[in-house]
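The chain that follows stands alone, in the form predicted on its own, written as structure tokens.
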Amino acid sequence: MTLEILPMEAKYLEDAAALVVDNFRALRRRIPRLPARYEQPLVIVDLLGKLENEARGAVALKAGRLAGFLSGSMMPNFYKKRAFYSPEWANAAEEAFSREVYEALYAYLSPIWLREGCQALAVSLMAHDEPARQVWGWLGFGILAVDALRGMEPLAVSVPEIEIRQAGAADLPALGELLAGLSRHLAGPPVFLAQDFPRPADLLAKPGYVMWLAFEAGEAVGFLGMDPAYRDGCLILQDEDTIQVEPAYISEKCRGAGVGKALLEHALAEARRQGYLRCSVDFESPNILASRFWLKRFEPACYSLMRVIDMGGE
């Protein structure tokens, strides 16, 4: 198959958006509770248009017709590296030509990204698109993070009776210790991803944000935050009817005792009373404990893949 690879331009936005919408509709057939607004081409055109001035993107044409595209933004601090990142709404390919299109686009764009100082390359893909995920795997990309979704229905399991209440100013020291525990967990094996979290006081001061604390014998042993305005996860999960888990952690001595289930059940019930229709969560794929917990209760909607570029010390 002969493809013509050209720089991304405004004249391709509508056709590119149509590919994204088709992809999203296929995902939504699997996960109907996804927000319907991303089936509107003008929403995607607007998103892509905002990228236009900074995008280092390209299109793949087959006999003059758009068969795929890859666009995105430079990020100065993506997991502490300068990176090019293509979100799930900024890339798409016709399924029949997925491998050829993504390979050609990557071969064309990757030298450009490297010349601009990128140490890492990242792409988010809609979870139903297994052909695309296989292509990027062949190109050296591994899954780094998962965005998942669920409705607000109660958990289909029994949960233990545990004291749970909303965190306040008096809980800042305990919350700080738990956040430090989460940081150590993520930085250690098998995750190996150092992350900086906001100060506890800054977390609690966010508009609409709620932090739930679980207690055992008067000691705070776990937390789960619920944020209606969190936007670091994949965009197609987000709207005014979605609330997101951010962050969550159970102290090591209490894992396996149902604390996490109790926190999630309590948080879902409170958000349900506020009228939210869905709940999302994102987590690092090498975080084995998190993956086991969330994937029992949420359905993957996006996978984010990353490749770190080794230039041999150059």
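Sequential numbering from 1, following the sequence displayed. Values in this document were obtained by computation on a predicted structure and should not be read as measured data.
Another form, the form predicted together with a small molecule, is not on view; read the next lines as being about it.
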Can we say 259, 283 and 296 each have a non-hydrogen atom within 4.5 Å of the small molecule in the predicted complex? yes
How about residue 185: is it within 4.5 Å of the small molecule in the predicted complex, going by heavy atoms? yes
With the partner left out here, check for me: in the predicted complex, does some heavy atom of residue 248 sit within 4.5 Å of the small molecule? yes
Would you classify residue 290 as touching the small molecule in the predicted complex, given a 4.5 Å non-hydrogen atom cut-off? yes
4.5 angstroms heavy atom contact with the small molecule in the predicted complex for residue 37: no
If contact means any heavy atom within 4.5 Å, which of 64-72, 260-268, 28-36, 41-49 contacts the small molecule in the predicted complex? 260-268
